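Next up is one chain by itself, shown in structure tokens, the form predicted on its own.
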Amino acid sequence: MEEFDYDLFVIGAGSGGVRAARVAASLGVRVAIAEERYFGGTCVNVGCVPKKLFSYAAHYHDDLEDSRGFGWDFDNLHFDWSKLKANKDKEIARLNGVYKAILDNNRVTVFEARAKIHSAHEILVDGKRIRAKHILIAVGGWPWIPKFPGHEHAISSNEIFALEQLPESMVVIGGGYIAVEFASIFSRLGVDTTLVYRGDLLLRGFDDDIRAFISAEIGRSLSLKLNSDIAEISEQAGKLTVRLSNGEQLQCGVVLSATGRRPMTSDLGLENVAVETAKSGAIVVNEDFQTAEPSIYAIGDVIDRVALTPVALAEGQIVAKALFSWEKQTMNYQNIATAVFCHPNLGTVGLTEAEAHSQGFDIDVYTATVRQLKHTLSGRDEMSMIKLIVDKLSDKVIGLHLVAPDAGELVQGFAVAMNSGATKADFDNTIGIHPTLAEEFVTMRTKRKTQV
């Protein structure tokens, strides 16, 4: 009988890796995990959590302004970046401890060091060669900055959280959710912000109506330069000059490149085993998250399927249970709700209109653009947009999209309904809560003419 030190060795203590380790350990097997950087991974340290804390801070800008229309008055209002950063750092440190405690409390052996794969059942970590029956790769992704003259002057979304001082001006490069979120957030924290994107609409991959709407809304609070690209960044006397491909020049204190993330598969020892990777560097797995090397599995951002923390958590749990409890479950990637924490927020679940057409659905589309009741007194010209996509044959709601404050909070509940097979008739038969924005989802009756 072959002797192993552990039944499962996890490389990476982010959300997915920790979940897999905890579930496996609870099933009575020997588990070890290696983490070279920080517990909790991207989400806890340089992603979802600190970004949402920054988003809350930015929302107060609007809330405090809006309160004047409701009778509130105040003087000497100012924003202290150092206080926000210090409180954010304190909370992240607390969460690091929580993740470490989860592992310790479940008797998972923790190696705070880099791990590399030596063979199908061997890992090199902390100067030791360890044998494991199964290996799970959960190392996540890392920000990618494209190469252009002066690219070294740009920072990534990792470094944005560590800024010691709030710059007076900032240029954000990119049009995905990370770029849109940070541009929106920092513009409300008092930074003169310019968002540069080479496409004609922000948020590629989202519904086209929503993309057009959010591009217009974002443009109200910052300088938006679409169909533009960066030609060069230069630095002189502590100031950065960004030259665009059309010759225009922008002066700023910080350039944030938010142009995407790539799986962290380099220098992982994959050349020592049969694990296959795609051109993007992502590890190729089957529906059970098993690689071409039967003893090695991979989950989360490193497999480049759906790069969301709750998805990595679900994938990690599926692997652990399948390996050690014989409970087999297939990951369902349909109707995964997601949110973009720009201002206003964007929430979405299900298909875009273009996806519905491409998949052969005959659809009805319902849309509404509304002004929230609060803004009748606040005076803010911010609008909200709601969109429903309905399969004519089954009457099921197959796409739901919302641009509005707290869109993620609202869409989460509708995602439950859609995963339960809710039809447009079910929406119509539901009595709305009045007056709320959410009631618009159950009061839309006029179909929009669809475009193919």
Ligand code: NDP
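From 1 onward, residues are counted along the sequence shown. In this text, all values refer to a predicted model and were calculated from it rather than measured experimentally.
Not on display, but discussed next: the form predicted in complex with the ligand.
Exercise. When you measure heavy atoms, are Ala21, Ala138 and Ala298 every one within 4.5 angstroms of the ligand in the model of the complex?
Worked result: Result no, not one residue of the spot touches the ligand.
Exercise. Gly219 near the ligand in the model of the complex, any heavy atom under 4.5 Å?
Worked result: Flag for Gly219 set to no.
Problem set entry | 4.5 Å heavy atom contact, Val340 to the ligand in the model of the complex | Because a heavy atom of Val340 falls inside 4.5 Å of the ligand in the model of the complex, the answer is yes.
Exercise. Heavy atoms within 4.5 Å of the ligand in the model of the complex: does Arg204 have any?
Worked result: Because a heavy atom of Arg204 falls inside 4.5 Å of the ligand in the model of the complex, the answer is yes.
Exercise. Is there a non-hydrogen atom of Trp144 within 4.5 angstroms of a non-hydrogen atom of the ligand in the model of the complex?
Worked result: Close contact exists here: in the model of the complex, Trp144 approaches the ligand to within 4.5 Å, heavy atoms only.
Problem set entry | Answer option from Gly350, Gly174, Pro263, Gly347, heavy atom within 4.5 Å of the ligand in the model of the complex | In short, Gly174.
For this session: Could you tell me which one of Ile214, Val255, Ala179, Val108 places a heavy atom within 4.5 Å of the ligand in the model of the complex?
Result: None of the other options qualify; the answer is Ala179.
Problem set entry | Which of 233 to 241, 365 to 373, 304 to 312, 164 to 172 sits within 4.5 Å of the ligand in the model of the complex, heavy atom basis | In the other structure, the partner sits against 304 to 312.
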